[in-house]
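Encoded as structure tokens, the following chain is the form predicted alone, with no partner shown.
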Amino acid sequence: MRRRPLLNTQTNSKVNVKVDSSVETRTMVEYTGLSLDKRLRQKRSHTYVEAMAKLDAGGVQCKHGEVAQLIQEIKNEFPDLQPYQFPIGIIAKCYLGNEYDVHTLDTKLDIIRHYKKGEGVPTELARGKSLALHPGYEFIEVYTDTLRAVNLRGDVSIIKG
């Protein structure tokens, strides 16, 4: 049996497709769960580690511009993360003098503060204090659920909790 052709199956319509090169679209993937953990486990750049080491360079009083520069360094280190995925703060051993213990960078409030020995640090950063005093680490990134200890080479050690 021979099939009959369908009627009006040929169309002569043209479709014009234009690509507007002036519109740039950028797809960002938001890290969650294990992918976020893996991303935050990656080695830190030399530039970032150097920038965090400058927390002492400003002396006891830090200017707003210095703090803004450090916050920008964090953004540069994690360009693919959302701001709420950044560390809530960074704590490191302070070398300003024998009377000082640690200094902190509160990334939410954009504040650098140097703490004297025996002085309490904010509760959310306190769990990183003893680790910050360990000579093997340059600084500690404090997240809501983890501490990430960064050494001079940028290697990251993770402490859960």
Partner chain sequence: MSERVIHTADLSRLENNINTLNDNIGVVSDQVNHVNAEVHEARATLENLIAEFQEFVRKDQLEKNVQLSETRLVKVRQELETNFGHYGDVRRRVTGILQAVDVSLVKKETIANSSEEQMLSAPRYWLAPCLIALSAWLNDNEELAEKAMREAIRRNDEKTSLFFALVTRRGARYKSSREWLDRYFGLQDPHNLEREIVILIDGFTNGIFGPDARAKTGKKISAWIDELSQKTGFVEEQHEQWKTALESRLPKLDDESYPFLRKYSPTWSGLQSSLEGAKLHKIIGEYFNDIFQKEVSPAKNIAFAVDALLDTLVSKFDEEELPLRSEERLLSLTIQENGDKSRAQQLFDNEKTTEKRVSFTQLLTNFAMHPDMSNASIATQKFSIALSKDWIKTAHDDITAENRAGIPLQVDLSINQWQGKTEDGSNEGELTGSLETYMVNRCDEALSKVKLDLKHWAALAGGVVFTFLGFGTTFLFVLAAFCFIYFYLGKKNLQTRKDSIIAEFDNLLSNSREILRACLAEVVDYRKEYKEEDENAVIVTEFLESISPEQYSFSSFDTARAVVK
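Numbering follows the first chain given and starts at 1. All values derive from a computational prediction rather than experimental measurement.
FYI, the form predicted in complex with the partner chain isn't displayed, but the following is about it.
Asks: Contact check in the model of the complex: Val49, Gln72 and Asp80 versus the partner chain, with a cutoff of 4.5 Å between any heavy atoms. Do all three pass?
Replies: Heavy-atom distance to the partner chain in the model of the complex: none of the three under 4.5 Å.
Asks: So which of Lys116, Lys54, Lys38, Lys108 gets a non-hydrogen atom within 4.5 Å of the partner chain in the model of the complex?
Replies: Of the listed residues, the single hit is Lys38.
Asks: Ser45 versus the partner chain, in the model of the complex: is there a non-hydrogen atom within 4.5 Å?
Replies: No, Ser45 stays farther than 4.5 Å from the partner chain in the model of the complex.
Asks: Quick one: does Val67 come within 4.5 Å of the partner chain in the model of the complex, counting heavy atoms only?
Replies: No, Val67 sits far enough from the partner chain in the model of the complex that none of its heavy atoms falls within 4.5 Å.
Asks: Quick check on Val121: any heavy atom within 4.5 Å of the partner chain in the model of the complex?
Replies: No.
Asks: Looking at the partner-bound form in the model of the complex, is Leu131 within 4.5 Å of the partner chain by any heavy atom?
Replies: Looking in the model of the complex, residue contacts with the partner chain include Leu131, since a heavy atom lies within 4.5 Å.
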